[in-house]
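Only one chain comes next, encoded as structure tokens, the form predicted alone.
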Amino acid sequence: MNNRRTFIKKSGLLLTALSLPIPNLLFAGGKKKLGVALVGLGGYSSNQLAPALQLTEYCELRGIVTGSPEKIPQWQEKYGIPDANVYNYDNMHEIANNDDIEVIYIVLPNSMHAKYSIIAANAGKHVWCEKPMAMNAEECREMIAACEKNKVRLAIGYRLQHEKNNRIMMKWAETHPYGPIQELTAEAGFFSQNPGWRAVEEMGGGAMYDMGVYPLNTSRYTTGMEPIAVSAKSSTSRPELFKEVDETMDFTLEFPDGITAHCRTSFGEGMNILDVTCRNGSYYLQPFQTYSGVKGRTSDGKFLEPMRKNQQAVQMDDDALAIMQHEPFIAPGEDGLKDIIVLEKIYESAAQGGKKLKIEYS
């Protein structure tokens, strides 16, 4: 079994993490919060990350990077951000001289993830990057290389890997309480009337990039394996709106031991379920990827109650604590890279009419 945790250990991520210098983060008998700068002040930063940072124990919002000057006064007033910690995309590299900020969180359209993650790494700051990690595997590898070169850490914003019930799925991938997994279904989507940049190909739009990484990533940690083959089909019911990108993507992942994951993602319909069938029982989460209220049930009647904490706050605290304590990230850059390798094969299969393609990770 190609267990993901085994891969992480073998790849030397733990040794790398332990060897990185982490200055000024922990003091004897106390703790210091990490200063975070958000890059991009769109809806996710405004409505999720900035409020969540007010709930964290180990990090705090200290800086912003934006191309919208009109937003600056509002953010400064609301979060007490000094002028010295306000940047734009042209002078973002100057954060290298700002000791208030230890982490730069990239919250931009997908096509901009690699460029600004590399700028952040070159500034000597740890990098948190929203999913999907980048547009292609080459960009992912460039991001990882930049962080390694500058001796900083790279985490991908897979909040579900920090959520209580999804973490139970990760644990059960190892312990098999209902016997070996045989197959699973993972679906994530919503009806979008105004997709904006998510309908623009060159910006990384499309249901697969935006929502499809949820069933993809979830299938990987729910099985504890890496897919070895994929077949996919892209479709749209509104070609006038989705002229350049996929509105819906159906894809099937084949794993070792004959395990199959049936996955679907869409901007044209609501769906939100993870359903796992095992030899001796089953379990599901529905919803499995909402910002709150993730819950489920097992075939023997056990309820998986929702987590009472803010997902984004837990995610950022986990990542901050990993930096402070020289521990591996739950979702490092290498995890994001694997998703993009598979995602590229999904698009390749869809372009070939659903042909099954083998997946290679080298």
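Fair warning: this is a prediction, and the values are worked out from it, not measured in the lab. Throughout, we count residues from 1 along the sequence that is shown.
Here the subject shifts to the form predicted together with nicotinamide-adenine-dinucleotide (NAD), a form of this protein not shown in this document.
Annotation: in the model of the complex, residues 167, 284 and 309 none come within 4.5 Å of nicotinamide-adenine-dinucleotide (NAD) through any heavy atom. Interface membership of residue 252, defined by any non-hydrogen atom within 4.5 Å of nicotinamide-adenine-dinucleotide (NAD) in the model of the complex, is ruled out. Remark: residue 206 does not count among the residues lining nicotinamide-adenine-dinucleotide (NAD) in the model of the complex, judged by a heavy atom distance of 4.5 Å or less. Residue 43 belongs to the set of residues with a heavy atom inside 4.5 Å of nicotinamide-adenine-dinucleotide (NAD) in the model of the complex.
The shortest heavy atom separation between residue 198 and nicotinamide-adenine-dinucleotide (NAD) in the model of the complex is within 4.5 Å. When nicotinamide-adenine-dinucleotide (NAD) is considered in the model of the complex, only one residue from 299, 68, 325, 54 comes within 4.5 Å through any heavy atom, namely 68. Distance criterion of 4.5 Å from any heavy atom to nicotinamide-adenine-dinucleotide (NAD) in the model of the complex singles out 112 from the list 273, 86, 118, 112.
For nicotinamide-adenine-dinucleotide (NAD) in the model of the complex, the listed stretch (34 to 42, 55 to 63, 301 to 309, 325 to 333) containing residues with heavy atoms inside 4.5 Å is 34 to 42. Contact annotation for 111 to 134: residues with any non-hydrogen atom within 4.5 angstroms of nicotinamide-adenine-dinucleotide (NAD) in the model of the complex are 112, 113, 130, 131, 132, listed in sequence order.
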